[in-house]
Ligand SMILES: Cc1cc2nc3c(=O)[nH]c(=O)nc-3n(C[C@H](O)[C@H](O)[C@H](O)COP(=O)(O)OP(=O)(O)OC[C@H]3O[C@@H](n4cnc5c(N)ncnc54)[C@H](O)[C@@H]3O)c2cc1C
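Presented below, as structure tokens, is a lone chain in the form predicted on its own.
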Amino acid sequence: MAALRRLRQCHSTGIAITNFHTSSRASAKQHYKMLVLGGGSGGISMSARMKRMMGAENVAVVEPSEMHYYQPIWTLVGAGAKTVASSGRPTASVMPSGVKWVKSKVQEINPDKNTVCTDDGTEISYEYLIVALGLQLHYERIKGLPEGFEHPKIGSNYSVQTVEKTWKALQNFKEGNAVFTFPNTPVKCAGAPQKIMYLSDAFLRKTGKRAKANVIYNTSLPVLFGIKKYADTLWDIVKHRDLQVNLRQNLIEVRADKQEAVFENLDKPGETKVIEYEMLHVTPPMGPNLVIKGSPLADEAGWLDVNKDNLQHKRYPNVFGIGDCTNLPTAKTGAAVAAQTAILNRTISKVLKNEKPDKIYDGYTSCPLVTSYNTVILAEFDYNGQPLETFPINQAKERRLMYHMKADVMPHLYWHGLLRGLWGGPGPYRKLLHLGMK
């Protein structure tokens, strides 16, 4: 009820403004030259860059969470190789100093009036807006969840509340089916659902339990991985380690009390299959942020509608987007965000000077496919699904060095480079390492 009242309050102030004022700046309680929505990797790194571009006093970030998490490391947390504590830091410690932190949730975006309303009824007006609200997890779209997580033997690396349950289920595994799922929606880090399968397989071998385990990967996709070069290597690993991969299988129900998972066959509507599990890792269905979906900023599917070359909104030139909330046709990863920060920074600097954006985003994204406790295949590719590799070696091979990068180098680069607005992806280094030929 309180939330409903706040929402009404928000709407009523909006009506009052339209009646009495022409300028949103005059009427809003707070005004910023640059307003950033979301304090995840895209929001924090862009606010650091905007602070340098236009001064801390002109920048505000709307973010309700007290903790900021480096989510890519949760794959290793779920497999017991890292602690969940190592993945988080207080939001206050990553927020650029001097930038205004609005500790609220975005309730409504009105790009026609250049205003944003928060859940406590505060209205903020802006000259420019960066939307970095991420996507939403929908465990509730699977029957029996999220309440099923109260039972043992089931976990999910996609949430801070459930990632340690994955490790517990893996440790307690005795014999039977270890089942891993990939939903029938866009997801962030599309490699993560299978990374935990490879790590679980490695753990079961290490502890002598593999002979009594059936390791099953049920994916809604028609392929194991979207880029053929890397998929070919992954299929080799799957065959070599005797992993069972079932394509076009979508998890629709979890009966946690019976340890049963129900899958639908996407190629044969109405056909379902029940699999008993000793361990279940759930990748939840995901979708666009509901605030964006309910605003004029969304495309037909509910994602933020931006120009794929420069990240400027297609209909509102003073609005920009970054990361998982956008409709950019590339994989939703932290590496993509890093590359996008450099492009978006350049785009905004040009727009502020009334010039045309001149730097083009090639869709660069990366997925370090963890295949064991000491090997990684570093997949890097562009909008066209073509490999766009940083190192002058074949990155489709499993390598120890790449595991070290994933586990030790990348977190350091994240906290001390990306979040401070100092790391814009490996583009310049790729040119250097390939002697300017890429």
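Numbers for residues come from their place in the sequence shown, where the first is 1. For clarity, every value in this text was computed on a predicted model and none was experimentally measured.
The next section is about a form of this same protein that is not shown, the form predicted together with the ligand.
Of the residues given (Gly334, Pro96, Pro285, Gly302), Gly334 alone sits with a heavy atom within 4.5 Å of the ligand in the predicted bound form. Of the residues Leu133, Ala178, Leu297, Leu251, just one reaches the ligand in the predicted bound form with a heavy atom at 4.5 Å or closer; this is Leu133. Taking the partner from elsewhere, Lys406 is found to have a heavy atom lying within 4.5 Å of the ligand in the predicted bound form. By the criterion of a heavy atom within 4.5 Å, Tyr126 is excluded from the residues contacting the ligand in the predicted bound form. The closest heavy atom approach of Glu63 to the ligand in the predicted bound form falls within 4.5 Å. The shortest heavy atom separation between Asn184 and the ligand in the predicted bound form exceeds 4.5 Å. In short, of 143 to 151, 286 to 294, 198 to 206, 262 to 270 it is 286 to 294 that has heavy atoms within 4.5 Å of the ligand in the predicted bound form. Within 4.5 Å of the ligand in the predicted bound form, a heavy atom is found for none of Tyr32, Leu35 and Asn310. Taking a 4.5 Å heavy atom cutoff to the ligand in the predicted bound form, the contacting residues in 72 to 93 are Pro72, Trp74, Thr75.
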